[in-house]
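Single chain ahead, written as structure tokens, the form predicted alone.
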């Protein structure tokens, strides 16, 4: 099945198809204008991107997108014209709006874009405080862009799937280079440095998930502590020195052409790095849960079907209560669908699998007194079942 995603994605076609999905979602939800400030949303709607920067500078220089339900192209307000896609006509490309320092004239810009046409419902994905002060007295009928963006992003096109697969390949390749370095005496920060260096060598300029190399405690009482009383994951990288026998859960991500990847595995910090019988049993339990979920994965299945499949033969849900069985991935490393969360069975039943939906399978197996096992497998729903978008091994655990 792998030839489905071979070859270079057509990025211009991908942007056209994304715009069509956005307009369709706007029509369905009676939204006339979409105003986007979130970086991944702007890139999804327009293809525009800005260079990676420290968060304060990135916020001040953020691109903004305005999408109209009757427009054939979106409008972009950006300080980085070099980051705009070539097919955008000059009349759709505008200078930056300082919405972090003041309203920035965004309301006037919306009226200019519409050219005298009726405004209708204007849906925002987020506000700055000065912008909210401006729009709250503008007389605009305000809406929430999250429902529109969620509907458009849920099912990926051929080109989007190809981008996710390539991002995942680069992420997996980089982690293959880091894995041999996870030895006693090494600091977590050294692993982060090695990962960032390798993705840069593979032509990735930034990461979208701060690398996690968390040493998992065998007992909740070992900390850190949470308000739920559950074991905590994930925690940020520190300069902690890895010790013989540590069980670490990894989590990394990088973007390719605006699409995220997500690599998670369980590593053993040891000079021989061989799991004991109990650790192998934890891995096999995780593998069995994932295999049952994959067997149930097909168009028309619900999130509830996947949860029930995962729980066959289990006394209770085999993943942490505050975690999930499945999350989606796309322009963000975690997005819809979210399955097996604490939102309950009714929410899970409302999610129906369709071709093009991408899922990250991430059940967390953790046992008091024995730490646990966790990995992430990325798959896409097809017309007949599913296809893998990640292919890294589970080393040092059995691959059969």
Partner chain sequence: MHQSFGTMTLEDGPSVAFDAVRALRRYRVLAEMEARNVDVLMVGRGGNPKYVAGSRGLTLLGSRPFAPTCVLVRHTRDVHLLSISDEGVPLEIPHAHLFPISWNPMNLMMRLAQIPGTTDARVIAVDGLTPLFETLLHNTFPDAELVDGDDLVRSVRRIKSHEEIAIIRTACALAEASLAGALDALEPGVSERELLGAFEHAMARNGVTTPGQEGAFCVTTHEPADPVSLAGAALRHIPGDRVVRDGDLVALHAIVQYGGYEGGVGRTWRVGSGGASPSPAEVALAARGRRALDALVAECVPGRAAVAFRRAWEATGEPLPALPIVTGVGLGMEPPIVGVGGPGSGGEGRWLIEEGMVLAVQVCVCDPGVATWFARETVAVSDMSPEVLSRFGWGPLG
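Residue numbers count along the first chain shown, from 1. In this text, all values refer to a predicted model and were calculated from it rather than measured experimentally.
This protein has a second form, the form predicted together with the partner chain, left out of what is shown; the following refers to that one.
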The partner chain in the predicted bound form: within 4.5 Å of a heavy atom of each of 68, 166 and 298? no
With a 4.5 Å heavy atom cut-off to the partner chain in the predicted bound form, the contacting stretch among 158 to 166, 322 to 330, 112 to 120, 85 to 93 is 322 to 330
The one option of 372, 363, 337, 38 with any heavy atom within 4.5 Å of the partner chain in the predicted bound form is 38
Residue (of 107, 241, 209, 220) lying close to the partner chain in the predicted bound form, criterion heavy atoms within 4.5 Å: 209
Give a yes/no on whether residue 224 approaches the partner chain to within 4.5 Å in the predicted bound form, heavy atoms considered. yes
So in the predicted bound form, is the partner chain close enough to residue 98 to count as touching (4.5 Å, heavy atoms)? yes
I'd like to know whether residue 144 contacts the partner chain in the predicted bound form, with contact meaning heavy atoms within 4.5 angstroms. yes
Would residue 60 count as a contact of the partner chain in the predicted bound form, using a 4.5 angstroms cut-off between non-hydrogen atoms? yes
Checked 45 to 64 against the partner chain in the predicted bound form; residues with a heavy atom within 4.5 Å, sequence order, are 49, 50, 51, 52, 53, 54, 55, 56, 57, 58, 59, 60, 61, 62
